[in-house]
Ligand code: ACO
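Just the one chain here, the form predicted alone, laid out as structure tokens.
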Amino acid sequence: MAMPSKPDPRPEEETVRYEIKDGVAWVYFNRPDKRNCMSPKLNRQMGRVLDELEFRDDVQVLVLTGEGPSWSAGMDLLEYFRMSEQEGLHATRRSQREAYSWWERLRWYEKATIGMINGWCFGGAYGPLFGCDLAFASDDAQFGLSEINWAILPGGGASKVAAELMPFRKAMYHAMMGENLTGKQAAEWGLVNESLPADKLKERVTEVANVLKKKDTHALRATKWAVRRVREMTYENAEDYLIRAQEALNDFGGWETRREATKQFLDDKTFKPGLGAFDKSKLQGD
């Protein structure tokens, strides 16, 4: 006879781990024996980790991935759902707030973010998936909205993520049928940028991170926020917002940066905008 599931005894601070290497923070969901499903402990710890890394000078890019063979299997059914529900509505609301708050932080993070989807990505994991600016998956990863199979709807933003990232008919099929997608299908349907063989995944993510590191940090932040904001604006509102956003960017060294980039293009002839980023290291001596 199978024994009932028990709460994970792992200390809260061990539910997430990270390492910083060459300007990239590699952040890992760290409950591999639980397919990295998100418990209240993990959600609280992820909030702390994001706080610790956001303004560090030695971090230009954050990569979110999973320890072991999964990215995240979604919300922890025992600790996030059952135990919170048994405690009462206040505990359910608290658990929701702890999860949604770090997903929101990730959406508007100061640094560029990449999701490296190395395995299972289910249900609630679509929240942080959408929170990442870019996403790359292994071909054998599994993406699923399995909620319909156990009589709930894809909540916690998951339905919104599917509707935002996928064509309408694909999103509807994905949510209603409860069938999984491979990494390749996820790329074809718009959930991720690319899908690669598992042994090439980290190499490709590192390559992308190295390109992002060369961009002006303030311009990169303004750009990623702009793309998210304008999705829900009319064209005229977006046009005005982008003008104001550039004006704000100028206060973060934008004029000096633009002058240096223009000089490298027009005068030094060492840079072509269509072929790569200008050399921002030349600004450090100013």
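Quick caveat: nothing in here was measured; it's all calculated off a predicted structure. When you see a residue number, it is the position in the sequence shown, counting from 1.
Another form exists, predicted together with the ligand; not displayed. Remarks below refer to it.
Note that among 252 to 260, 220 to 228, 52 to 60, 27 to 35, the stretch whose heavy atoms approach the ligand to within 4.5 Å in the model of the complex is 27 to 35. A residue is said to contact a partner when one of its heavy atoms sits within 4.5 Å of a partner heavy atom; Tyr173 fails this definition for the ligand in the model of the complex, lying far away. Taking the partner from the other structure, the ligand in the model of the complex has no heavy atom within 4.5 Å of any heavy atom of Ala91. Not displayed here, the ligand is kept clear of Glu98 by more than 4.5 Å at the level of heavy atoms in the model of the complex. In the model of the complex, the ligand sits within 4.5 Å of a heavy atom belonging to Trp120.
With the partner removed from view, the residue among Val211, Ile152, Met177, Ala163 that has a non-hydrogen atom within 4.5 Å of the ligand in the model of the complex turns out to be Ile152. Contact with the ligand in the model of the complex, defined as a heavy atom within 4.5 Å, holds for exactly one of Ala112, Leu191, Ala73, Met116, namely Ala73. Within 4.5 angstroms of the ligand in the model of the complex, the stretch 131 to 148 places a non-hydrogen atom from each of Ser146, Glu147, taken in sequence order.
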